[in-house]
Each structure stands twice: as structure tokens, then as C-alpha cells.
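A single chain, nothing else alongside it, follows as C-alpha cells in the form predicted alone.
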């Protein structure tokens, strides 16, 4: 049986899919990637702590080094080391490119 109605194969002119986003990945991957780097930790009270993320645990308890406390965008205090209890953390953000 001769079937002349088969369509030709599609042309390969379709645009390539975009590359994956650089920020894709799990929150765990992000947190592992920012250990040892500068971060901003926002508390539920609205206060920001900026410093070098030393370590954190599964409860989001955080240890920061070279820490600055920011309230309404102004530096209020500076600490060598700071420990933040996880239930107070709203988010952690990278302060520098990762």
C-alpha cells in the first residue's frame, strides 16, 4: 500500500529551549552554597542581620561571623559572632553572588 499522505518530517528550525536558570535547585542546595559567604538574615520582627554564614542546622539555627544588626536600613550594632534561633528566621538571602 502506497501512502502519499504522510507529512514530511518537521523542519529543525524550532528555537532551542532556554538554558536552565542559574538559581534552580533546592533550598538545601542554596543553603549549602552560601555557607562561608555573606548573607542577609531577616527575622520575623523585621530586623536584618548581615554577616558571614558560619553554619546552620535543620532547625534553621544560624551562626554568623562579622555580624551587623540593621534596623530600618541603618546599622544599629556590630557583633563578632551571633547565634540566631531558627524560629525567628523569616528568610536567608545571599548578599553576594554565589
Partner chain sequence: MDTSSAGIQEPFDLIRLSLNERVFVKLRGDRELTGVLHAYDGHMNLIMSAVEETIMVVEPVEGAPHSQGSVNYVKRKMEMLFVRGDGVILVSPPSRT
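The structure displayed is predicted, hence computed values, not measured ones. Positions refer to the first chain, counted from 1.
There is another form of the same protein, the form predicted together with the partner chain; it is not shown, and what comes next is about it.
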* To do: State yes or no: in the model of the complex, is some non-hydrogen atom of residue 39 no more than 4.5 angstroms from a non-hydrogen atom of the partner chain?
  => no
* Does the 4.5 Å heavy atom contact test between residue 57 and the partner chain in the model of the complex come out positive? -> yes
* Check whether residue 63 has any heavy atom within 4.5 Å of a heavy atom of the partner chain in the model of the complex, and answer yes or no. => yes
* Interface membership of residue 31, the partner chain in the model of the complex, 4.5 Å heavy atom rule -> no
* All three of 69, 85 and 88 touching the partner chain in the model of the complex at 4.5 Å, heavy atom to heavy atom? -> yes
